[in-house]
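Given next, in structure tokens, is a single chain: the form predicted alone.
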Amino acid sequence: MQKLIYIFWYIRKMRYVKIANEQIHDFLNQLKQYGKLYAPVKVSDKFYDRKEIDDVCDIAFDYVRTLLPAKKYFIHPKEKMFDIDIENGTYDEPEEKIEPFVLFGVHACEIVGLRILDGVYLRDYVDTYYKRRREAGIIIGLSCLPDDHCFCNLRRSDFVDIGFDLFLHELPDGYLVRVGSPTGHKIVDECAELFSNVTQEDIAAFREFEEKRQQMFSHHGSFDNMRYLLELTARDELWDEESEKCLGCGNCTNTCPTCRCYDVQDIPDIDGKTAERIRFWDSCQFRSHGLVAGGHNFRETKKDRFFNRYVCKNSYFYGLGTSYCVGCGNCTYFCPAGIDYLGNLLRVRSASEPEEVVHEHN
């Protein structure tokens, strides 16, 4: 009966509550009863990473991006799929005990990224590894302010209305909380003493924050036609110049919330009787990515691989009406060669459209 009530609330309208700043740490500690809590923490002067949280006071609220995106909890960078008995020609899939877990502080663009991955891993051919982890994960979103590398507004991924259990929006004295799932309703109801009703002052502050956030983006307009502009400019010198800088390290794909390529290998034991099958993150920037039997490589040159990534990320994901790029800026921020992904897209757009389409703020 209680679940039906939650579903009724979810279908009828979004539920809004408020949590005050002085209650936030109590709330975070309460979240631990729903599973292991993972959240952003500062790991150096420049970088943040998501880690399992022991002391909730370590959680960073004002971060922009983490070293690895949230996808790492659903598609592990490396995992064993099963053990192989070579002599008997059998295999045994190890039982993976999936414990419930909570991801706190997930930004809107990453939530869109997870929904894109859902379309890849859960739609036509269901990936059971991914599915089990998605079902075990609770997503708590958190509002953010963009830096110079962010362009999620151009990708329509700067705000989400589904894909989370709770989403916290910053207010001067706390957070306006949107409840986005039956699990979110359950959490709020079971922690009811920590929440209060939203006031008119809170609504005004929410509007002010959203307006401030929009004004902070460096660029405005639309990237909806970017895929076609890229295809039309495939022979431009831009791609020769920029691909020369590329180290082929794969950092851009590792840090991307939606890059999903992986490789599968069978690793035999030294005795030759057993083996294990593993899969691990792969990158389209590696020469081996396009290499097939017979020595043919579908993307022989670094330029081929470099340009392919731009076309791939700007391809249209029809399931969500957006591209595979969510505008997080991670690839630029973490690129050791200093390649400016957004800058290159702006060069493509400004060369094909009137200059007044691109607006920059000082």
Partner chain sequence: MSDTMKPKVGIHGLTSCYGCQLRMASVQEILRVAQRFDIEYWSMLSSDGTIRHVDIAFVEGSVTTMADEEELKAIRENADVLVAVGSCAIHGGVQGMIFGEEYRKVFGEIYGNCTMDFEAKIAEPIHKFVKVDHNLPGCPPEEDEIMYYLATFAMGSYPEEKDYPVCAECRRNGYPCVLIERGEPCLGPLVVAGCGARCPGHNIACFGCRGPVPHGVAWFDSLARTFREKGMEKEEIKARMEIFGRQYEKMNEMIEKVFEHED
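Not measured: the values here are computed from a predicted model. Positions refer to the first chain, counted from 1.
What comes next is about the form predicted together with its partner chain, which does not appear here.
Its partner chain in the predicted complex is not approached by Asn153, whose heavy atoms all lie more than 4.5 angstroms from it. Among residues of the shown chain, Ile98 is not one whose heavy atoms approach its partner chain to within 4.5 Å in the predicted complex.
Mapping the unseen interface onto this chain, Glu244 counts among the residues with a heavy atom inside 4.5 Å of its partner chain in the predicted complex.
Interface membership of Lys212, defined by any non-hydrogen atom within 4.5 Å of its partner chain in the predicted complex, is ruled out. Interface residue among Ala60, Val64, Val56, Val43 relative to its partner chain in the predicted complex, by the heavy atom within 4.5 Å criterion: Val43. Only one of Ser196, Asn251, Thr233, Thr183 comes within 4.5 Å of its partner chain in the predicted complex through a heavy atom, and that residue is Asn251.
Heavy atoms within 4.5 Å of its partner chain in the predicted complex are found in one stretch of 252-260, 201-209, 100-108, 155-163, which is 252-260. Shown without its partner, the chain has no residue in segment 161-195 with a non-hydrogen atom within 4.5 angstroms of its partner chain in the predicted complex.
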